[in-house]
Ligand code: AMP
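Heads up, the chain below is alone and in the form predicted on its own; it's given as structure tokens.
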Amino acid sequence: MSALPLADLHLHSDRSDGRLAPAALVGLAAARGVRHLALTDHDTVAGLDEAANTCAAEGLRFAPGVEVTAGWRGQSIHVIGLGLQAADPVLGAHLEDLRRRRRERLLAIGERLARRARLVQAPAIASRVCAEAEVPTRTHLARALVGAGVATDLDDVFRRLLGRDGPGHVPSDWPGLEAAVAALRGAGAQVVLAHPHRYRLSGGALRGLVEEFAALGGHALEVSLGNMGRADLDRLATLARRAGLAASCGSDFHDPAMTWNTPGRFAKLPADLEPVAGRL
């Protein structure tokens, strides 16, 4: 079997919390040697047409995708759909609900920052972010707070204001994992559990998450990701084998200023795992 072309199946544009427009993102990925890519913006498919058209012009393979936010045992979990039917009405309604929840959460964060941190401008900043961003995220809010001189950089915002113990922390309220998997499967997607090593879970809880994901009809585990250590890759490869899941890889690229995390930069998948890219 011939080797598959370099596939980056986890990329973000400015349609969610990335920095580049979809066309510019595709151009950068092509320059980095990527020949097969997926645009996986958070909770929106708004950039897929632009990315697909640019991939066609560049001679690249394209997989329409999305990264869906879900809840599992009180944590935010991300599930990627690859090769999906972007116009599926059930998926569209699910994504609109997620964006509504995001807007409501950011507005609540703005109010809490005004009350608890005496940042009287925070509600107006949060309102502006919600009006301007297709998918308003805490990263958007953090950037706006830095721009307003409230903090020195994003790390400062999350450390002092938006972290779990910060005055602006508002617990997330997402639909469950089952709903996310069902919506993506209904749209014909290959369903991938994103960056499992990042969740604050014990080894046993992570195994439970992967097993439940597989039982719900998930197809693949994201085994190789940009800036991942070898120990995490080996651990996720073992989980994929045990659950009978295919393997996905991607950079999770957001910002060209982060030169250590560029499209196409991640370790190769173990040879015994089936690449989900081959199904797309």
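In case it trips you up, residue 1 is the first one in the sequence shown, and so on. All of these numbers come straight from a predicted model, not from anything done at the bench.
Keep in mind that the form predicted together with the ligand is missing from the display, and what follows is about it.
Proximity to the ligand in the predicted bound form, defined as a heavy atom within 4.5 Å, singles out one entry of L154, A148, A86, A108, which is L154. Proximity to the ligand in the predicted bound form, defined as a heavy atom within 4.5 Å, singles out one entry of R241, R61, R32, H254, which is H254. Only one segment in the set 122-130, 201-209, 91-99, 138-146 has residues whose heavy atoms sit within 4.5 Å of the ligand in the predicted bound form; it is 138-146. Taking the partner from the other structure, the ligand in the predicted bound form has no heavy atom within 4.5 Å of any heavy atom of H219. Interface residues of 31-62, taken as those with a heavy atom within 4.5 Å of the ligand in the predicted bound form (partner not displayed), are limited to H42.
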